[in-house]
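What follows is a single chain, given as structure tokens, in the form predicted alone.
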């Protein structure tokens, strides 16, 4: 009996010795992040189907060509890309960050060239690859996050040099101007909070950022005064007509059918909503069918699932953002921390702007809602971005 007891003790000892290792391996997958992403993807497919099934031109298509099925395919490709990305330490990817950055700058230039960039709705934002259309501006956000995080991962004393600060600003402005030329104001504007927040977290002197923000605020104020109040025929800053109208709508100087119907949809849902595929705004076409499944998908969810459905979506996004901040706080080095902060800021900007324009606290800019709005480039970008978070989380204890 003593012999068996000793053997048992030794076995328990070995189990106890290996248990921390097993637990650590289990913790290398951020299950809270993965669960939240899966929840958002299920909701996205369900409500893309709801928003498009009432459209006769789409409902007649074979099932494998309908938007909800195509979205599932994009989710599969995105998850595969995110998984593949996690197989390589983010430090290896960072070594190629400048190559990726300049490659995406070249793509942003190429998309502006007639014959290469596809013209849709008066904008050149896509490169037509036949099977699908590729939107460089979406992926330029990821390349920018990597390049800037790598650039700012330098000693603190170097970050206090004005030359380094202005180089960092230049890295923001170059893709910003190119994307603005497409024109894609929403994607261009997203680069600003991502870049500035990353610089702040990296340790760039607050005085530099404060002066920059002061100057930018003055320029924006002058731009808005010119657009909103300058009499017709006087000199005005050149912006696209649709951009001018969106600003006029936002500041209450014009009305917008899309925004008004989106707000009606949000308010009509009440506490529990009208039921899946039962939203009158969507079924009857008051919420424009061309944007219901992408820019205004949140309005569809709010009408059909009400306040509870809206809060559920916000809770899932909050979990994604919380896990991202937790990953940033546990990153093993400055590079990992800045990558996580950049991704969190990117996702938060998309969520805030998109939901904000559905309830008129933000101007309409065409920013997709991550994993809920229909669109291949947006889905791939969002899932690869969360793959960056998982990469930083996975390698946080590797030395």
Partner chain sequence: MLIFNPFKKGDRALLVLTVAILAGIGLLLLGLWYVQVVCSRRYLASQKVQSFRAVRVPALRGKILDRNGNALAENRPSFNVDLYLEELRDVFQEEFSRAVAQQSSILHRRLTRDERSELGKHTRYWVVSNVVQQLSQILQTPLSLAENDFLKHYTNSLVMPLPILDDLTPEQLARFQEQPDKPPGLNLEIQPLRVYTNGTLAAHMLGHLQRTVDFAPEEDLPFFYPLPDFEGKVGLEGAFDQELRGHAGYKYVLVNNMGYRQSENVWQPAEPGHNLILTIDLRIQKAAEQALHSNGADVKGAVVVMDPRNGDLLALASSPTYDPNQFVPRISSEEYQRLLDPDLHPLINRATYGAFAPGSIFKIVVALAGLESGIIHPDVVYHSKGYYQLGRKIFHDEAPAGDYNFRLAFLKSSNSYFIEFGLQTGWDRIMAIGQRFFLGHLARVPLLQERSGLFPNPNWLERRAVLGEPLQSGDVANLCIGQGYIAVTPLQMAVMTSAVANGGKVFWPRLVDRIESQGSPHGEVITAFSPGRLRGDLGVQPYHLKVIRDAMRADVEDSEGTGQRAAVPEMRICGKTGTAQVARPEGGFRRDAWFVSFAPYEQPRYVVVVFVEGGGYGGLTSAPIARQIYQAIQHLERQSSPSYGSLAAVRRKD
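Residue numbers count along the first chain shown, from 1. All figures in this text were calculated on a predicted structure; none of them were measured in a lab.
What comes next is about the form predicted in complex with its partner chain, which does not appear here.
Across the options 370-378, 66-74, 42-50, 342-350, residues that bring heavy atoms within 4.5 Å of its partner chain in the predicted bound form belong to 342-350.
Proximity of residue 205 to its partner chain in the predicted bound form: non-hydrogen atoms within 4.5 Å are absent; the residue sits far from the partner. At the 4.5 Å threshold, heavy atoms of residue 359 reach its partner chain in the predicted bound form. Taking non-hydrogen atoms only, residue 329 approaches its partner chain to within 4.5 angstroms in the predicted bound form. Residue contact with its partner chain in the predicted bound form: residue 215 places no heavy atom within 4.5 Å of it. The contact residue chosen from 108, 191, 266, 82 relative to its partner chain in the predicted bound form is 266, the criterion being a non-hydrogen atom within 4.5 angstroms. The listed set 310, 256, 294, 97 contains one residue whose heavy atoms approach its partner chain in the predicted bound form to within 4.5 Å, identified as 310. Taken together, the three residues 197, 271 and 314 all lie with some non-hydrogen atom within 4.5 angstroms of its partner chain in the predicted bound form.
Residues of 283-305 placing a heavy atom within 4.5 Å of its partner chain in the predicted bound form, in sequence order: 283, 284, 285, 286, 298, 302, 303.
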